[in-house]
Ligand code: 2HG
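Single chain ahead, written as structure tokens, the form predicted alone.
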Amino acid sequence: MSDRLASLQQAVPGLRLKTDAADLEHYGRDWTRRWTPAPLAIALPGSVEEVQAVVRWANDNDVAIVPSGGRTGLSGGAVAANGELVLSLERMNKALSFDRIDRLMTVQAGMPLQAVHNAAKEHGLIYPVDFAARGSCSIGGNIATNAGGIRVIRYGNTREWVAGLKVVAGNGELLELNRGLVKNSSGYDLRNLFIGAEGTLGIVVEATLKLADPPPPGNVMLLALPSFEVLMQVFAAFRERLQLEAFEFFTDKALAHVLAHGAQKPFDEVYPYYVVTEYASNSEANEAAALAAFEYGMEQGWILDGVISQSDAQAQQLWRLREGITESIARYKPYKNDVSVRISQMPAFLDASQELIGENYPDFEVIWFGHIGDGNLHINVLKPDDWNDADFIAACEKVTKLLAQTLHDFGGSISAEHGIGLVKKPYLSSTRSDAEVAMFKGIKRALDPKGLMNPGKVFD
């Protein structure tokens, strides 16, 4: 063990440390796989006090820290490639308390999202933020990126469900933010600074989460559409008539990969665009409204085909067509863009970006899918087998620069829900002004005076 790590062990007696090469590689990267992990070591604290002690040691010894949750991020936000100490919260993974009156549940930051769902269910309630990586992502990571997912249309992003936070700031001080209050107009809401900060201001160690009533029984419908333009008409028609829980779209190319990965084919014919939508179906009137919305779309020529789930098993099969996309294309090492614009601008933006990408990626397959109900598009460019990683990424980044300008013109964002991290850092100026970035840096200096919290992420 090096002298530096020996001093850490002395400063934090009983702290678990990992230094094996396999552990350094595993904990030093996220799903981007673009940087070679090179952390100093992996610290696995078991308490808030140990987290504070580690951060104080890091300040005394000028050692940078990369907070680590489930490492399912797609922007390089959890990468440790420059000798940083990875601080993993995976041991801090328990539900701590539940208040039935306030409907608040306090959990440790390393608790997986699926475990949060299960804990809420034990109390007859739900934590409504949800996405496909629920089994491996952690609630602390969700908070660090203000994660959205498949039910934003009904419930909003993570930010709406965080009633309080405990955070260890960059100087080791423990901050208790908002304390679960519904109303609190006593100065700045520091809680919201840490939500979406990607660990650059400090380390979320506990979160007090709002819970909600379970939604009414729902049903799932898969729709086949002739064009993206009519999709917005379908969205408007369904939103007017139904209580939508989710409204997701994907293309024929995305479907082809999921089917090749083992999913069940939904239609005999192939259509250009698909929507999977979930809606409240707790009455005959709701089911009648859903059928009427479907028939109206057919009459208008907006919908070419469709299927309504007749069982929970069939509903899961339909959802797999959307949720299975990321896994089905993983072997192609896709270059991912996660962008957003106002919902009303989606058709015009898609036209502009498809033209841009078609001109510049003529030899690449591009997979489109996204959360149409909140203006979020996922653009996945698949690496051909005969391209090496470096050349492929370089080609993609040239186009991302052009895409960032298009987003700027539309008033959109280069990162809808994946964060900025390392991947999107060069394009931050397309979304944020110089004045905003200067304020970001001033806030970081106040909360992390030595700049040791996840350095190099979001901005330099």
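Position 1 is the first residue in the sequence shown; the rest follow in order. Keep in mind that what you see is a predicted model, and the values were worked out from it rather than measured.
Omitted from view is the form predicted in complex with the ligand, to which the following refers.
Within 4.5 Å of the ligand in the model of the complex, a heavy atom is found for every one of R322, K336 and F369. None of V162, L225, L74, L222 but one reaches within 4.5 angstroms of the ligand in the model of the complex through a heavy atom, and that residue is L74. Site annotation in the model of the complex: the residue of S88, T326, T200, S353 reaching within 4.5 Å of the ligand with a heavy atom is T326. In the model of the complex, the ligand sits within 4.5 Å of a heavy atom belonging to H378. Using a 4.5 angstroms threshold between heavy atoms, D30 stays clear of the ligand in the model of the complex.
Using a 4.5 angstroms limit between non-hydrogen atoms, K424 is distant from the ligand in the model of the complex.
Contact with the ligand in the model of the complex, defined as any heavy atom within 4.5 Å, is confined among 91-99, 238-246, 112-120, 370-378 to 370-378. Along 385-418, a non-hydrogen atom within 4.5 Å of the ligand in the model of the complex is carried by E417, H418, in order along the sequence.
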